[in-house]
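This document starts with one chain, in the form predicted alone, laid out as structure tokens.
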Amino acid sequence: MQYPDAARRAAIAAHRFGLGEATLANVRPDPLAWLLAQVGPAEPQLDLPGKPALPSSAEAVALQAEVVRRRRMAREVDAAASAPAAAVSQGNAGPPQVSLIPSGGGPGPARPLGPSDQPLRDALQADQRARLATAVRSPRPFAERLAMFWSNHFTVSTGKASMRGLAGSFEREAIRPHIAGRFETMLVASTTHAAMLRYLDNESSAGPRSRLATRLAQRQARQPEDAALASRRVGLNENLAREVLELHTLGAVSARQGVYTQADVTAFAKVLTGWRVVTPPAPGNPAQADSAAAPQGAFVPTRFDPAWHEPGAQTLLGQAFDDADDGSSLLAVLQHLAQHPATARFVCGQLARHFVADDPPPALVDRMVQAWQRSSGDLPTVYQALLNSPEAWAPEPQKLKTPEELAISSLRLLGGADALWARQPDAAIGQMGQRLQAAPSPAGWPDQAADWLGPEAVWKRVKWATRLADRAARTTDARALAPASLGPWLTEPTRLQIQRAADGPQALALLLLSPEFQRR
């Protein structure tokens, strides 16, 4: 395959690897150099003036705990208020007993945000605005695309109620600083982050022979009549172990090929026990602090608690891992997974599918795998192999933009997007079927055209683009913008349609809905 001419390469760099440009002059004269110069840690996300500050993971966990505490107190007060009537009806004249001390347990299941959840709503919207504003304004759109890819690869989702406020901090702390480092570093950062430990339930996973499980069994044996004690259950949860193997490293295909088995999942889950999210103490009541919380210093939401950890060595993928009872065995396992040949092939295939084609060319994936193995998973080396491959520069658009990519590229094209997300923090992307930071499963959002081309999905794109065009056409000339942004990707039929449009809004809508702009 021959490389296309320089003008077409500029369009490819801007739209396939970047997030769209209003003019290809931003990319010229050397599109490859423009992309390579962007490889590095993603920039910090923008804190927008006049909006709530972006929460750290520690702040998000503390905020969740405070909201849960207030809900419980409100429920207890409501119960106490209704208790006298019930007591009178039963002939019990005793005073109502109201406890202001919250009981144990974590945040509840997913539920709609209510009035009492305003702090969580503010944090969620601040995260959405920051994610969009950073992508729309960044002079390094390739780095932003990489951050979006890795955030989806290591998905955490606000579809689970206890993730509100944490999903944004996860991207800022575990993904963005590491997109240009070694894969192993990002794997460790994401697996041990409070968001991932909570999203995939590892915070409640205890080893069957852990000190906690042993003590609980002994107490239950001594007090068999204690119903509360009898109802308490702790056990091994395999969710995080399974998803790290299936989605983050080896890939589901490796299970089908026998690279790993259910026994490996269980062994890995035992290694992961003890890695938990710490609940901070309620204000003025330090006695409520989690037993694993640091006694001094700043609150840190992730701890290794040996009381929950399954003791003993574990065998995973045919290799024995010693247990030092300090959490270090997890780091050894993650290092082994990061260097496994199946991980290189799975992750490189995902990268090639995201940037180049739904069915990535095998020669391209092979070249990226060789770069991975040669560099021990150094991601900039893998990106260079991707960008230096002729398959990556196929002349015509190959991929369909997701709703989020379409919105970001439209707003980069038009500029002045602040007013839009001032009204709608997600820029109405959720109305196109892709709720920001709320992927439907740990597998993340789909990355192939077939998943986004249903009739209803297409109609939602049409409505979104038409509404945006109606608002933006007063200050935008689509007839000039189309060739400046798309260059040689702009086909003659589309150019003529835009030229012959009845008015400015129609011309802009035709540009945003054209095959050349919808694809990359």
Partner chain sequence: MTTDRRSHRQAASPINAPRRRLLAAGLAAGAWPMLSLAATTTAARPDDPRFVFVILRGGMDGLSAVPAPGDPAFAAARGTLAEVPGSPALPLPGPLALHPALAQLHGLVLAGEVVVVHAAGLPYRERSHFDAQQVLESGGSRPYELTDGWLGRALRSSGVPGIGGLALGASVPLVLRGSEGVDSWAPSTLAEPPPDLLNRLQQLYGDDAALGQALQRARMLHGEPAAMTAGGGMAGGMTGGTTPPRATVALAQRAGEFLSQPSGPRVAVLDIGGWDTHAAQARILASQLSLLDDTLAALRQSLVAGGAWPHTVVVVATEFGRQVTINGTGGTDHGSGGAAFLLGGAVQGRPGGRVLADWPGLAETQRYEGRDLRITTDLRSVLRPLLAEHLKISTAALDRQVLPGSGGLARVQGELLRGGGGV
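Residue numbers count along the first chain shown, from 1. None of these values were measured; they are calculated from a predicted model.
A second form of this protein, the form predicted in complex with the partner chain, is not displayed here; the remarks below concern that form.
The stretch from 481-489, 29-37, 451-459, 56-64 that comes within 4.5 Å of the partner chain in the predicted bound form, counting heavy atoms only, is 451-459.
Not one of G181, A195 and Q339 places a heavy atom within 4.5 Å of the partner chain in the predicted bound form. Although the partner is absent here, L400 sits close enough that one of its heavy atoms falls within 4.5 Å of the partner chain in the predicted bound form. For G20, no non-hydrogen atom is located within 4.5 Å of the partner chain in the predicted bound form, even though that partner is not displayed. Contact between P4 and the partner chain in the predicted bound form is not found at the 4.5 Å heavy atom cutoff. Taking non-hydrogen atoms only, P493 approaches the partner chain to within 4.5 angstroms in the predicted bound form. Annotation for 488-502: interface residues with the partner chain in the predicted bound form are P493, T494, Q497, I498, Q499, R500, A501, A502 [heavy atom within 4.5 Å].
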